[in-house]
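Here's a solo chain for you in structure tokens, the form predicted on its own.
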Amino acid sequence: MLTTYDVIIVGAGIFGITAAVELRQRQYKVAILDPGPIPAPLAASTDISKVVRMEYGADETYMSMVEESIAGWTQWNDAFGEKLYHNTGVTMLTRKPIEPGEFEYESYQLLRQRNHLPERLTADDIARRFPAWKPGAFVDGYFHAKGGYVESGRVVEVLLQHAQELGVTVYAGQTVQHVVLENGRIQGVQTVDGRIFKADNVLIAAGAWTPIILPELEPVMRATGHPVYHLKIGNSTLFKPPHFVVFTADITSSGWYGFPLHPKHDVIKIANHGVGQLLHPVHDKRVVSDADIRQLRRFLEETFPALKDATISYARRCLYCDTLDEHFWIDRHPEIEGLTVAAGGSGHGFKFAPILGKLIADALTGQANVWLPKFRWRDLGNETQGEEATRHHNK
């Protein structure tokens, strides 16, 4: 006899696993289906680190969400007895003086309006406090002590174990092919090997695979790959906090951001948050090109001279699930009863993990949430422009 669940979640990335924990805490009988392994080495939610930053230009909704998220990360450190979140602080630096309308300027002003304490930096301040940066190359910006990074792959592992301890059933090695409907209502899901899993509600949280499972979302979601590098260097003294912290380097013009030396993996991770390369999540390889590496080397030489000849110990393309406007997609399906979607992380979703579960569970159960209207099911045309304030949008 088939087991029927209250909720089946398709995908064990950060959207799916946080929703599973929250729904189980609300006493729902929950199962997760994922192709595995969990965490998947190439999934957007994994790797060794993700940025936690409050800065979103003039977007006060996102900043308020990160304020609550950082409190949640601190609570998780205590609850799980492990330092998953590292509050190193964040530098947001630019090659020319910042001006109104620009990401760094608007972020700085909004932080101050919300009673935070970012420290404005001159070229001399940067050279004195952060000596790994090429002197004079960056002349403005600020340091914000509240922010840093999380050990993302480890976070997924810890939350998966927590979900199972709460009673969530996890089916790794199960790839969902499509949802099962009857008279316009969800009945469950069917996997590629023909298995049927029955449920009253289905949550599709499959990242870049979401529009494959739900083709009606293909016009508004796409998969893009963005280069990520792990660098090893003989003398890493320059690249440890407090002299080197999570950074963005004129990011809306360049896309470059990165992290201090990782305390467990002994590498410096640097990545690019930009236009990316359109990829198919199943058929395309997620590899960086020689041209990508040349761009990295040029950036390093112009920014961190001590890293210009560093060994690249690992490289890949991180696969984003982009919505056309780069806001998340968290809502019930407008035509299929019992079906909810939580996807469209667009390269900036992980930092919200401590509040994502509640956000998604509220959407699935129809409860009011002040942040949900931003992520509703919506009509987006081909002319829609990306609005994530940090992202480099030009080729």
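Residue indices: 1-based, along the sequence shown. Since this is a predicted model, take the numbers as computed values, not measurements.
Form predicted together with a small molecule: not shown, discussed below.
- Checked against the small molecule in the model of the complex, the candidates Val202, Ala205, Val155, Met92 yield a single residue with a heavy atom inside 4.5 Å, and that residue is Ala205.
- Listed residues Pro354, Gly57, Gly345, Gly338 were compared with the small molecule in the model of the complex; Gly345 is the one with a heavy atom within 4.5 Å.
- Put simply, Tyr320 is close to the small molecule in the model of the complex: some heavy atom of it is within 4.5 Å.
- Though the partner is left out of this view, Tyr62 does not reach within 4.5 Å of the small molecule in the model of the complex, counting heavy atoms only.
- Within 4.5 Å of any heavy atom of the small molecule in the model of the complex lies no heavy atom of Ala19.
- For the chain shown alone, Val30 is not a contact residue for the small molecule in the model of the complex, no non-hydrogen atom being within 4.5 angstroms.
- Contact with the small molecule in the model of the complex, judged as any non-hydrogen atom within 4.5 angstroms, is confined among 330-338, 365-373, 48-56, 22-30 to 48-56.
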